[in-house]
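Before any questions on how it binds or moves, here is one chain, the form predicted on its own, in structure tokens.
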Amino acid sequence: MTAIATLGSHCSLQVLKGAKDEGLKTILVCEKKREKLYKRFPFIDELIIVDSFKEVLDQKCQSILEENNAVLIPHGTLVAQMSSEEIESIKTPVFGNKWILRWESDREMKEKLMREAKLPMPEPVTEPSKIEKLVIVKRQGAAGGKGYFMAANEEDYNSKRNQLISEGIISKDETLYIQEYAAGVLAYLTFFYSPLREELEFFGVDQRHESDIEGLGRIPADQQLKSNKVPSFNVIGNSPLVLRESLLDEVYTMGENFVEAAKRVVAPGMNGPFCIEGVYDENAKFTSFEFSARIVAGSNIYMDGSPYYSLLFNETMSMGKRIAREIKTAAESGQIDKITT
């Protein structure tokens, strides 16, 4: 019997609850500091207690996962806490495509794949001296927005970068990515591609709430001007969003283009859940500034199912349950190799 395993963070509760709903054994790789939290939930069958998530690479942890015929579900914590080389060295079957996570973690590779998919994107800015309009400066990897900042020119960039270095938020030798700032309504579009069915599903939309950039809107302008603090884009939580129905055709087209581009660029392609992240402007034009090549935390708001999945399934279907359903179907039909790497 196949088991589902993941790291105790990000969206692990949703993933393991979905696996249990599908009748699969659930295993959580859990840091000691969070053991008390996760012991509260009866759908978690087994906890592998570690000091650090990197211990998932150790022989002891790998042996336990192998004995349970486990499939590891990657999420943002895996991408944030391990290098691409470490992720690619995991012996346990990883759901989806572990090779594409390298493309998510590296800004230049990410941009290349997005252009291959013909996603509408803001222009990158190659160096601070070329900043001519408002930009957003981002770190590599899945930092959750922490350490991001906006800048209007090179002087503004250098000032804010130096301040964040002095505060220990970013390091002096860290490579930062500069991108023209796209204004509009935030919309994070989540999809699921099934290689078993060769079909793309649109799961839902969420918005992310970032601190403390959002809180600035509640502060009078004169007080904002007196503050020297560099606002953070650290993601705190998510809320649901439903799009105008007239936008859905373009949404599906972008998702399909991304799946086809991933097949060409990084085999076996974009299998399983992924997210195209961006904004809609005043003309309802979408601009994409990111993608995530795995389940995103925004799907946590739809643990009882999303509005769009209610159109596709006559049952409650979270993203965690959808992943488990795919794994269960693959295991029963001898196609696990088709959905894991």
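We number the residues from 1 along the sequence you see. All figures in this text were calculated on a predicted structure; none of them were measured in a lab.
The same protein also has a form predicted together with a small molecule, omitted here; what follows describes it.
K.L.:
With the partner left out here, check for me: in the predicted complex, does some heavy atom of Tyr193 sit within 4.5 Å of the small molecule?
P.N.:
The answer is no: Tyr193 has no heavy atom within 4.5 Å of the small molecule.
K.L.:
In the predicted complex, does Phe202 have a heavy atom within 4.5 Å of the small molecule?
P.N.:
Although the small molecule is absent here, Phe202 would stay clear of it in the predicted complex, with no heavy atoms inside 4.5 Å.
K.L.:
Could you tell me if Tyr252 has a non-hydrogen atom within 4.5 Å of the small molecule in the predicted complex?
P.N.:
So Tyr252 does not count as contacting the small molecule.
K.L.:
I'd like to know if Thr92 sits close to the small molecule in the predicted complex, meaning any non-hydrogen atom pair within 4.5 angstroms.
P.N.:
The answer is no: Thr92 has no heavy atom within 4.5 Å of the small molecule.
K.L.:
From the list His75, Arg208, Arg161, Arg102, which entry has a heavy atom within 4.5 Å of the small molecule in the predicted complex?
P.N.:
Contact check passes for Arg208.
K.L.:
Which pick from Val259, Leu119, Leu243, Ala182 sits with a heavy atom within 4.5 Å of the small molecule in the predicted complex?
P.N.:
It is Ala182 that has a heavy atom within 4.5 Å of the partner.
K.L.:
From the candidate stretches 182 to 190, 82 to 90, 244 to 252, 166 to 174, select the single one in contact with the small molecule in the predicted complex, where contact means a heavy atom within 4.5 Å.
P.N.:
After filtering at 4.5 Å, what remains is 182 to 190.
K.L.:
Quick one: Lys25, Phe43 and Ala324 and the small molecule in the predicted complex, is every residue within 4.5 Å by at least one heavy atom?
P.N.:
Verified in the predicted complex; spot residues all out of contact, no.
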